[in-house]
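Below sits a lone chain in structure tokens, taken as the form predicted on its own.
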């Protein structure tokens, strides 16, 4: 029973982190039809900003996180203005945006190295609460991740379904040309989507940075896992993303527990290859508007 409890706890923690990352990616894909390869680097930058506000400003960790999310929202607007809008309307714009976001990854990683130096850093746990079930313990940041990740993504799904901006996002997703004829400004939607995606990535980065060390390259592995989630759940499907995140979290938790940490990425990426061969649109493909 202890083993099952440990696997369930790990699944909920890993699934929550991957869901925060993948939800932003799928939101960007569903509206802009591009993959943001700078998403992991933005997650890393958000973690560093949270650490800075905590260390230099002496703020409580939750307040520091909110400050980092606000700062990253401003960076998100600049990101959209510099790396999305100039290219998205051009022929082959999707490829140009992907190349630009790859370049942004290198820039952000080098910038983090210059600003914060090579010393490893880590955020303190988010709270001291502790829950123990059948021998498995979730405490601090793990417990916050288990609760906060589905709450934030669920709130995003509610916004997309019930609000005016959500309606414009779904309209642009379904038919960009028709949405523009109805007077919807794509630029406004793009800014909203990018800011929300970066905000979710910042939360993921801060949570991860409280469970492991913060480094300029820390976003690479979560970004790859998020792409595996999209392969499973279907890019552009928020419902599929949620299910896919927990499915990948479960696969990783099981393989780590029974076979060791070194086997986990092998089996996870093998699963992605198989999924892409069998059903490229995703095993759990569902329209985002049904989320």
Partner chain sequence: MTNLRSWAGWPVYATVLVALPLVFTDPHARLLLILFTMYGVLAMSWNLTLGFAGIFNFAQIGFFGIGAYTTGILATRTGIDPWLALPISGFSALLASLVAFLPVLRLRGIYVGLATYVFSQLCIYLVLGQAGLTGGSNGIVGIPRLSLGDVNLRADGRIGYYFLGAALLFAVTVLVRVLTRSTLGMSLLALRDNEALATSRGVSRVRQHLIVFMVGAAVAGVAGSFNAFLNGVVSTDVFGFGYLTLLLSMIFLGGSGSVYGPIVGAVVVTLVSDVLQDAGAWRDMVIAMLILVVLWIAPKGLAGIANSVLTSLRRPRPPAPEPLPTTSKETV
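Everything numeric here is computed off the predicted structure, so don't read it as measured data. Numbering follows the first chain given and starts at 1.
Beyond what is shown, the protein has a form predicted in complex with its partner chain; the following relates to that form.
In terms of non-hydrogen atoms within 4.5 angstroms, which of the given stretches 66-74, 46-54, 262-270, 239-247 touches its partner chain in the model of the complex? Result for this chain: 262-270.
Is every one of 94, 109 and 276 in contact with its partner chain in the model of the complex, taking contact as a heavy atom within 4.5 Å? Each of the three qualifies.
Candidate from 116, 87, 190, 126 lying within 4.5 Å of its partner chain in the model of the complex - any heavy atom: By the 4.5 Å heavy-atom cutoff, the listed residue in contact is 87.
Interface residue in the model of the complex among 214, 83, 156, 143, criterion: non-hydrogen atom within 4.5 angstroms of its partner chain: None of the others qualify; the residue that does is 83.
Could you confirm whether residue 102 comes within 4.5 Å of its partner chain in the model of the complex, counting heavy atoms only? Although its partner chain is absent here, residue 102 would touch it in the model of the complex, with heavy atoms inside 4.5 Å.
Even though the partner isn't displayed, in the model of the complex is residue 254 close enough to its partner chain, meaning a heavy atom within 4.5 Å? Result no; residue 254 lies far from its partner chain in the model of the complex.
Does its partner chain come within 4.5 Å of any heavy atom of residue 59 in the model of the complex? Judged by the heavy-atom cut-off of 4.5 Å, residue 59 is well away from its partner chain in the model of the complex.
Looking in the model of the complex, any heavy atom of residue 98 within 4.5 Å of its partner chain? Residue 98: contacts its partner chain in the model of the complex.
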